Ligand code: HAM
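In the form predicted on its own, a lone chain appears below as structure tokens.
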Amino acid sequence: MKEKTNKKISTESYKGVRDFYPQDMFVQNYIFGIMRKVAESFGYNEYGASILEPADLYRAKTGDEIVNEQTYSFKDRGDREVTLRPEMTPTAARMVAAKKREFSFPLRWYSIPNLFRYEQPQKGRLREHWQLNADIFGVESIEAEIEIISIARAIMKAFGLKDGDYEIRVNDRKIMNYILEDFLSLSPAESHSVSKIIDKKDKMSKEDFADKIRSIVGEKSDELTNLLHSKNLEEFISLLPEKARTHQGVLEIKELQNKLAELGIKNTVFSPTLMRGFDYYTGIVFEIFDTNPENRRAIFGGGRYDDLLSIFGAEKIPAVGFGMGDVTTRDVLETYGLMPKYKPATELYICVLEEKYRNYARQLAQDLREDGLNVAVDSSGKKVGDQIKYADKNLIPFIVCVGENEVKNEELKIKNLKSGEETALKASKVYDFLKNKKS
């Protein structure tokens, strides 16, 4: 027989994840609300899927590092290897490939999924987070990138950020692939390795970066380093071979920046070291980078991934999208003093002076709920002073106390707990009174 122990279970959550108390959920719902509102204003429709996916889905295109080192993968009881999704794009691609003949393109989809990565928790990065994914399928032209980046900028604006608070860094995998494979004559495996080094450039010293590049590129490493240190697109182009200066990747970046500027989006910056970690990107890549010294980091990003659906045996469907995480979003809102002020869902608290008036209080609350108000009735039986303190501590804005006079005269006194102001009115007028206070 197993012995009982008195060992207490810890109240701490699993490392790298969060508990969401009501005030945390208030912020989370605010963030999700802005994301949904902006995405839908551009004509995007919400979709969803299970957090469980076959592990092979991520091996095909996401990248070995993520699959081997950063996923929560396990075998189920049917001996199938499954993974808690680390990202949403492969899932969206799978869903589109499954029913592509039923769709009318272009598709405009968004989702706010729960994602999991087994990595070292740090500022802006946890093992579990939520992320807005917005994707457009079926548009080959640069118009897709323009629309997606416009959504990203609109979200930043909706949160209260100004264009000067961040920059939109852009690059093109086409021109980088040309430089690595054609200009430097690297093999596909060497190009892949160098792209991963470039992607992590800001996380290593200059010496370490130079040594890693030199070990693969050899005598042309200085030429690559000079390209990567270009201050702008013009300087970058001037360092390219003559025939590469009109490369498709270069032309796409120029066109993208020009057309975004015509829309008033003028804070784009060419960044030759921007690669984005996923292997499936095929063209323009971008990220939103916070320029505040207190939070200098990439907030979110995305790009074009035209070939991802091919892993399902489907015909090529061009696609562009981005992901915006809730953790980095919270960091940005805190940095700029833009966090929303907490308001409880409860709009009115009904205090009960004596037990015999509880039925009246319940009926009053039910009537008000049917009209659309959020109402709580005291169930503690405590003194009225304690009931009022409870409502005040929980930031409920209005209270009404029900006793003999209120029931007899059908007249209530609604008190604003913040200002202390009391208003006497008939029970039938409570809804209108509080509705006006909300508007």
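Predicted model, so just to flag it, every value in this text is computed and none were measured. Residue numbers run from 1 along the displayed sequence.
The next section is about a form of this same protein that is not shown, the form predicted in complex with ligand HAM.
Each of Y281, F322 and V327 is positioned with at least one heavy atom within 4.5 Å of ligand HAM in the predicted bound form. The shortest heavy atom separation between Y360 and ligand HAM in the predicted bound form exceeds 4.5 Å. Although the partner is absent here, K201 lies well away from ligand HAM in the predicted bound form, with no heavy atom inside 4.5 Å. Although the partner is absent from this view, P272 stays clear of ligand HAM in the predicted bound form, with no non-hydrogen atom inside 4.5 angstroms. Ligand HAM is not drawn, but in the predicted bound form it has a heavy atom within 4.5 Å of T89. Comment: 297-305 is the region of 297-305, 341-349, 182-190, 209-217 lying near ligand HAM in the predicted bound form, near meaning a non-hydrogen atom within 4.5 Å. Between ligand HAM and the residues P318, P106, G249, G124, the one pair within 4.5 Å by heavy atoms in the predicted bound form involves G124. Between ligand HAM and the residues D367, E119, E255, D165, the one pair within 4.5 Å by heavy atoms in the predicted bound form involves E119. Heavy atoms closer than or equal to 4.5 Å to ligand HAM in the predicted bound form belong, across 123-140, to the residues G124, R125, L126, H129, Q131, N133, D135, ordered by sequence position.
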